[in-house]
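In the form predicted alone, a lone chain appears below as structure tokens.
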Amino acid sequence: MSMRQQFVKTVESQLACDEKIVLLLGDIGIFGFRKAFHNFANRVYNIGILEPATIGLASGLAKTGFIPIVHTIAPFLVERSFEQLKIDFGYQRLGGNFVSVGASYDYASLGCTHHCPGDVGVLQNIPGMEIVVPGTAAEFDALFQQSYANGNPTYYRLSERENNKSQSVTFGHANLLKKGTLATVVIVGPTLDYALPAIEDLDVSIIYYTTLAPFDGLMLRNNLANSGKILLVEPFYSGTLAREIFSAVYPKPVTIDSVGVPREFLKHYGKANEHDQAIGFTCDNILAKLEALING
């Protein structure tokens, strides 16, 4: 089951047992949620392609006691609707759930208008915004059910690609997969299967994050390799989590390198795995970066 299919299953299940939930779609997922439209006709709506207004509507629902879930494509949910997310939810401290698909270059074939490697970096600028990046469908289900009704604005970043194996994840906490001495590798969500085959035999600590905000700094601080060398493996703009890393380990001096999406427009179309190859988001490059960091 894909993350998106799990999203439908999870939300349909919650709609049945939580009458406060209202689902607002941005003209995507209509077929997937066809049963929900029938079974919960007064709590499932296709608002259409007017995302900022949808966020405003969701804030009104939150203000009156409902739990809104808004779902659409990442650049339209985050970048187009940033002011409404900031003011309507962040400033007013309202709870709501924002579930994206197509982040970074998952929708590579649609071109740069549908790319969104900046979503996490943008949302980090809204105080109180929670950010969740699951690595598998099962991880999304667990994290969503733990957090959707916690009264905070929460962003869930679904991915078209996912790890083969799910971790036992808890909202707000990272997973220590391995402890070592030469370096610490911080891996985010669906990038685990990119990195693990290349580095698991090395003497490094490996920490897996699915909740990015709030950031589990204690896990990193308690398991930082003595070398102070850290490699970030991120499915969004490279270096996005650097501030969280520095804050977590301060005042210990550290050296950070990262593997992520370069801060430039990707002007080609094609498939997501072709972008991976073009920008060096590969097992070989992750290993090369880590070895250079350790030996540097």
Partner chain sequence: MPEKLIKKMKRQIVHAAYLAGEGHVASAFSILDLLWVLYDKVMSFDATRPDEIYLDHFVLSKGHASLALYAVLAEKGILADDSLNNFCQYDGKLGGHPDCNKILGVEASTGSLGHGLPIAVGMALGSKISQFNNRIFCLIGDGECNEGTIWESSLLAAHHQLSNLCCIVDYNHSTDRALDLNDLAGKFKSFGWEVLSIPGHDHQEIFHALSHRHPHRPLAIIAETIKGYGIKSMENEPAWHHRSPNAEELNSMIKELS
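Positions refer to the first chain, counted from 1. Model, not experiment: these values are computed from the prediction.
What follows is about the form predicted in complex with the partner chain, which we do not show.
For the three residues G260, H268 and D276, a heavy atom within 4.5 Å of the partner chain turns up in the model of the complex in no case. Of the stretches 227-235, 29-37, 51-59, 260-268, only 51-59 has residues with a heavy atom within 4.5 Å of the partner chain in the model of the complex. Taking Q146, S109, Q92, T181 one by one, only a single residue has any non-hydrogen atom within 4.5 Å of the partner chain in the model of the complex, and it is Q92. Checked against the partner chain in the model of the complex, the candidates E139, D119, E162, D88 yield a single residue with a heavy atom inside 4.5 Å, and that residue is D88.
Using a 4.5 Å cutoff between non-hydrogen atoms, R243 does not count as a contact of the partner chain in the model of the complex.
Contact annotation: S166 falls outside 4.5 Å of the partner chain in the model of the complex, judged by heavy atom distances. Residue contact with the partner chain in the model of the complex: Q84 places a heavy atom within 4.5 Å of it.
For V22, a non-hydrogen atom is located within 4.5 Å of the partner chain in the model of the complex, even though that partner is not displayed.
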